[in-house]
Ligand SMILES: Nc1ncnc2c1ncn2[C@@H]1O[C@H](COP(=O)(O)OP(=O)(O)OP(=O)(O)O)[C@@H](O)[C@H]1O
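For reference, the chain that follows is the form predicted alone, supplied as structure tokens.
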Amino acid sequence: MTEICFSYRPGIPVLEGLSLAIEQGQRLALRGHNGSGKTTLFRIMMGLLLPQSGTIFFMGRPVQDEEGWRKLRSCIGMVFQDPDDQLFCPTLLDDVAFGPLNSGLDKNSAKELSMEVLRSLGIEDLADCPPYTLSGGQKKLGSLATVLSMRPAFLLLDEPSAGLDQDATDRLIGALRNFPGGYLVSSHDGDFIEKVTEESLHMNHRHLIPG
């Protein structure tokens, strides 16, 4: 993305002339204080918000229409800060299988894939649980499972370790270390960031700087 500008209110920019290039396989931390624009940046990267100016690129080409966004979203998965934004089906298994089913996978294959993902996170015993019965940490892992079941090449993770106990945090760390692609992680948890990322970016005065 190049020269991205975004404001929720006229004259009060959240992002101003922000540019960012990510290479395949990079594992990056995104740091910055609350309200600095990290979540806004993620939503722009996924096309959930449209910038007032600037260009989003994917695979070297500008994303200019719905077909371009569809291709981008087929390769990039986002784990929202609030897991309730991603869990809405009768059971956790239904949620995890939702994406694969809507991508054309048959019911048995989608269930098998979804159970494999749940096992990889150590929460397969929660497959038949309604999401509203899960703890905050279980919901966080469940929302990650809904994204991993789509086999993305890159992840955007917005405060994924917030509110997790040590066991859930360790499972999340293991999942990210085993993930074959790259990711950009927004987090205030320095210890967590050190364990799962290799480089850092800092949101500073509506721009991104290394470090």
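In this text, residue numbers run from 1 along the sequence as written. Because the structure is predicted, anything quoted here is derived from the model rather than measured.
What follows is about the form predicted together with the ligand, which we do not show.
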{"property": "Heavy atom of P62 within 4.5 Å of the ligand in the predicted complex", "result": "no"}
{"property": "Residue contact check: T169 to the ligand in the predicted complex, 4.5 Å heavy atom", "result": "no"}
{"property": "4.5 Å heavy atom contact, G37 to the ligand in the predicted complex", "result": "yes"}
{"property": "Partner contact for V196 in the predicted complex: the ligand, 4.5 angstroms, heavy atom", "result": "no"}
{"property": "Contact stretch among 161 to 169, 54 to 62, 147 to 155, 38 to 46 - heavy atom within 4.5 Å of the ligand in the predicted complex", "result": "38 to 46"}
{"property": "Heavy atom of each of K71, I76 and R177 within 4.5 Å of the ligand in the predicted complex", "result": "no"}
{"property": "Of Q81, T91, S120, Q86, the one that lies within 4.5 Å of the ligand in the predicted complex (heavy atoms)", "result": "Q81"}
{"property": "Sequence-ordered list of residues in 121 to 136 near the ligand in the predicted complex, where near means a heavy atom within 4.5 Å", "result": "none"}
